[in-house]
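Just one chain follows, in the form predicted on its own, and it is written as structure tokens.
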């Protein structure tokens, strides 16, 4: 069934490309997203998938799979309404690319071999490049090339990291040398420390580029700013979660080898730097979609800090992964509606969105409150848990710095978000209006985030604890 889960989107991609009916192609995407989510839940909930030499689902990958599939299914439903408004651009390319992108993310999530993981992450880059270029203008082609160049360099560095890990096994006496993840974990105590450390650094930098950790984040503002809203949501909530999972595999390996302290320190450093740079660039940010890009950098930093702190903060990071993906889905989709209505994403031209587009404007404002950690939304609980872990484990300075930077983010992001949503209604030149297909998914995501802020279902608590436990294993 796991192989079916990977191959199904590829078959749907071939069907959508061959289908001559424009609206039919859009519904193939929506139905495929829903089927993928149902299959994912069927694989995860009744009984765990056994771990094989190439494919398998452990607690970490089960969590990322469900979150990614849930986000994708909502974006696929949104795409039906969005692409109906963009008939001038066509959908014969974007829909197959979206489905291939889903297959590549699923393969990366379920990979139990580092080489297969690397190949799947690289496939996400290839499949998502045409999605960023969808608007076909000067800025989108510039953003696409920057995305391709930087992420290709990053994935190349990740390959070097894997080679160093393999050499660490060779020097340590492993015969035969294998990049199969469970084999590496079992023999982690015998790995050559210098080569393992070098491998971890390259894996962190390489996959950190895909994740968007500072200072490796420079592709994000352009790519998120020029891509359609649904593509931005998939990049910010889906692809970053997959890249984070790849980094967590390296952290697992370091923990098993007894070098978890080094891995945690590296994550703390990059996490705090991401938070700092995001806070600086959010101040007086005039572009609402670039604002969301820097928000993504911020929350990748929060995830890194949570895992770097360890203990209860790791549980908070796992919860924050869920909250971030869903909230980014709400923000990007509602921002896409606002941009479409105003034919602009600049604050100088976008104002009064709540009065002009009551649903999309309200969803964007609600998403802003959620992503900045305002109660009673889910990110407040996950960020509070991470801060509790910081202060409870004696990292008082880190906790205080986090609080200061989060306050800066709230003020900087608030100036743009409130400026865009508040004010009197504007008479628009476009005929765009809110409709069910364009607001159902962001509304659903925001309601889920609100639910996670007031109630954490027992199955989700168990899934989060199991995922966190994999990162707390001592040699």
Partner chain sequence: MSTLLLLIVILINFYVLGSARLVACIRAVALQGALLSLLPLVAHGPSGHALILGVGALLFKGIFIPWLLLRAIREVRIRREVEPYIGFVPTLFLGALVTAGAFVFADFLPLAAEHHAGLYVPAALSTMAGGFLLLMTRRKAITQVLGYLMLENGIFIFAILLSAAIPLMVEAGILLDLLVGVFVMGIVLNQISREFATLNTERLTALKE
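Quick caveat, the model's predicted, so the values are computed rather than measured. Numbering follows the first chain given and starts at 1.
What follows is about the form predicted in complex with the partner chain, which we do not show.
| query | Going by a heavy atom distance of 4.5 Å, is residue 157 a contact of the partner chain in the model of the complex? | reply | So residue 157 counts as contacting the partner chain.
| task | May I ask you to state whether residue 149 is within 4.5 Å of the partner chain in the model of the complex, using heavy atom distances? | result | It does: once the partner chain is placed as it appears in the model of the complex, residue 149 has a heavy atom within 4.5 Å of it.
| query | Is there a heavy atom of residue 294 lying 4.5 Å or less from a heavy atom of the partner chain in the model of the complex? | reply | So residue 294 counts as contacting the partner chain.
| Contact between residue 129 and the partner chain in the model of the complex at 4.5 Å, heavy atoms? | Answer yes; at least one heavy atom of residue 129 falls within 4.5 Å of the partner chain in the model of the complex.
| query | Every residue in 255, 310 and 422 with a non-hydrogen atom within 4.5 Å of the partner chain in the model of the complex? | reply | No, the candidate spot makes no contact with the partner chain.
| task | Tell me the stretch among 191 to 199, 73 to 81, 296 to 304, 362 to 370 that has any heavy atom within 4.5 angstroms of the partner chain in the model of the complex. | result | Result of the contact check: 191 to 199.
| request: Could you spot which one of 166, 341, 279, 272 gets a heavy atom to within 4.5 Å of the partner chain in the model of the complex? | output: Flagged contact: 166.
| task | Check each of 112, 264, 290, 249 and return the one that places a heavy atom within 4.5 angstroms of the partner chain in the model of the complex. | result | Contact check passes for 290.
| field | Heavy atom within 4.5 Å of the partner chain in the model of the complex - qualifying residues of 117 to 153 | value | 118, 119, 122, 123, 126, 129, 133, 136, 138, 139, 141, 142, 143, 144, 145, 146, 148, 149, 152, 153, in sequence order.
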